[in-house]
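Given next, in structure tokens, is a single chain: the form predicted alone.
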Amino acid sequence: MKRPIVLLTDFGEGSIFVGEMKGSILKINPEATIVDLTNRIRPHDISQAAFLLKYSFRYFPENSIFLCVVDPEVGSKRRPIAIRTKNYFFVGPDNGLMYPAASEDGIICAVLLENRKYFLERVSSTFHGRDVFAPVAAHISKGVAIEDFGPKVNSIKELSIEEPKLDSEGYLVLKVMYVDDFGNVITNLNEKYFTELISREGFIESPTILLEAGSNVHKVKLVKCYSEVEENSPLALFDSFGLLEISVNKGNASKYFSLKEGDSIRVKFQNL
């Protein structure tokens, strides 16, 4: 049974640490399939990692192993764990990163990683990604049951992804969760929440939104695809994740609106 290993880290593209993790895996399972989900999580940003994992995991084959190393508390008392869900495996620190995705798929079992037989011989206090998590993922890819790694745990750390808030002026307060390589600004407003909000609040879905970024307010068209506006014109749409994305057709929305990951913006839907 093929079990691809999917890496999610904050080490950075081209990092030697990513290479060492892959080497650690391949020493144990030379036939392993290793895929980079991304190694460009904002440093130490557990919430961003949890957010992107939640919206990405379902696109991978059944039995994929998500090796998640955004671990600012490495070497502390935070627990190393492995999780089996209905369709996947997750390996990493028990800091909440894996909870949104794993709970959505349905957690069957979670274990504490204690059996040093499955670690590297020497375990660094600063690089459990290479010395603990990568070897465990490699052994899972070879068919080892997660119960072999250590005792079951009754619960894991929960993490809630920040949701949009409706303020007293009728604006939705959103958070910039991710800026992609095109400069598209991806927020935490998903289409399902938006549809429910329209129904609950009696809003009228309109072709234009007011976008407040910093001290500036912009009128932005809500469209289905980028080409519905002129080149270098701003737009908003629900993207392939089903999340509200602020973009510029063939341009860079992050620069256009002076937005970065972690920023808050306000949006208001209106009729022309």
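One rule holds for the numbers: they count along the sequence shown, beginning at 1. Computed from a predicted structure; not experimentally measured.
Heads up, the form predicted together with another copy of the chain isn't pictured, but that's what we're talking about next.
- In the predicted complex, no heavy atom of Val173 sits within 4.5 Å of another copy of the chain.
- Within this chain, Lys224 lines the site of another copy of the chain in the predicted complex, having a heavy atom no more than 4.5 Å away.
- Proximity of Ser56 to another copy of the chain in the predicted complex: non-hydrogen atoms within 4.5 Å are present.
- Among heavy atoms of Leu26, some come within 4.5 Å of another copy of the chain in the predicted complex.
- Contact annotation: another copy of the chain lies within 4.5 Å of heavy atoms from the stretch 74-82 in the predicted complex, the single such stretch among 95-103, 158-166, 74-82, 111-119.
- When contacts are defined as a non-hydrogen atom within 4.5 Å, none of His218, Leu244 and Phe269 contacts another copy of the chain in the predicted complex.
- Residues Gly14, Ser15, Ile16, Phe17, Gly19, Glu20, Lys22, Gly23, Ser24, Leu26, Lys27, Pro30, Glu31 are the ones in 14-31 with at least one heavy atom within 4.5 Å of another copy of the chain in the predicted complex, listed in sequence order.
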